[in-house]
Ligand SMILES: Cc1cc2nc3c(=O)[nH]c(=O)nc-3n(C[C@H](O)[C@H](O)[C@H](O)COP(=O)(O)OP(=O)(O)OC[C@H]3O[C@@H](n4cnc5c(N)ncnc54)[C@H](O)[C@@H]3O)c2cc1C
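Only one chain comes next, encoded as structure tokens, the form predicted alone.
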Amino acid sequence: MHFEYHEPTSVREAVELGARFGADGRFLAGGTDLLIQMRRGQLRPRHVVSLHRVPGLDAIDVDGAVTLGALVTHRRLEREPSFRGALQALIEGAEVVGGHQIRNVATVGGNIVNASPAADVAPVLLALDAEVTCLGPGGERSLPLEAFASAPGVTARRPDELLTRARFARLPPHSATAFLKAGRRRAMEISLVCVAARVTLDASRERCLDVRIVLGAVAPTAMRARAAELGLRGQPLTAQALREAGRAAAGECRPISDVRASARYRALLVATLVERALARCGERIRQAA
């Protein structure tokens, strides 16, 4: 690998370098995906712009809306005390990313920009209706995370833009989240299927007011199971309703068969994990009462 290495000390300097190099440059956050892709020859940037000395990108702000800086690591997510409770899925998604060494350096921004359909934290952020903000020479622009990735490794970020943060609103009362992942082993494994769920119940904690169901590793990008969501809204959160939601989600996904699992097996996993994730959300809401 041959490239020039740059270490800007401000967001402004990083953006200026990104604009100067364009498609010939890459921003380096944790590097757990970028460096592997470079070593494999999948990416050959002429310039690498490190963000390690740029201040202000590693903050977690939970005042009103929740803001995650692009350099927040997965280790920070799994240790953040304010996420224990309604935002437990963020911890559950972060704590299954690689091993401790990976989570100490891998970042939220890198996870989003890499746009892997099997990413673990991105589906949780989708379930939370997160938006992302990119900063370029023309200023800031924000867009829904759901519109950010269009294919594996392909995003709406322009070559001269730096993704600076992800942001989502605080959840309403009687809400909970959950994340479940299936792999061929318990740890340090890419998802065969992963599911993130968010549920809001009414004051009786029995009927579903709102729901998000996001599926990972079963389509070119993480996807909302919208038919499953629609069938659950306004309904009591019964065991039968959860089973039907799981079956509906399995019918919506578009998995592939590869050396790790067949498409049929992945669809069966979706049905099971969706049912379990929704049930876990309901249990957490009732336990918090």
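All values reported here derive from a predicted model rather than from experimental measurement. We number the residues from 1 along the sequence you see.
One more form of this protein should be noted, the form predicted together with the named molecule, which is absent from this view; the next part is about it.
**Q** So in the predicted bound form, is the named molecule close enough to A182 to count as touching (4.5 Å, heavy atoms)?
**A** Judged by the heavy-atom cut-off of 4.5 Å, A182 is well away from the named molecule in the predicted bound form.
**Q** Consider S175 of the chain shown here, and say whether it contacts the named molecule in the predicted bound form, taking contact as heavy atoms within 4.5 Å.
**A** Flag for S175 set to no.
**Q** How about G31: is it within 4.5 Å of the named molecule in the predicted bound form, going by heavy atoms?
**A** Close contact exists here: in the predicted bound form, G31 approaches the named molecule to within 4.5 Å, heavy atoms only.
**Q** How about E161: is it within 4.5 Å of the named molecule in the predicted bound form, going by heavy atoms?
**A** Heavy-atom contact with the named molecule at 4.5 Å: present for E161.
**Q** Of the listed stretches (80 to 88, 137 to 145, 201 to 209, 119 to 127), which one has a non-hydrogen atom within 4.5 Å of the named molecule in the predicted bound form?
**A** Looking at the other structure, the answer is 119 to 127.
**Q** Pick from V66, L51, A250, L237: which residue has any heavy atom within 4.5 angstroms of the named molecule in the predicted bound form?
**A** So the residue touching the named molecule in the predicted bound form, by this definition, is L51.
**Q** Among the candidate residues A219, I102, L171, A156, which is the single one with a non-hydrogen atom no more than 4.5 Å from the named molecule in the predicted bound form?
**A** It is I102 that has a heavy atom within 4.5 Å of the partner.
**Q** Within 65 to 101, which residues come within 4.5 Å of the named molecule in the predicted bound form, counting heavy atoms only?
**A** Heavy-atom contacts to the named molecule in the predicted bound form: A70, H74, V96, V97, G98.
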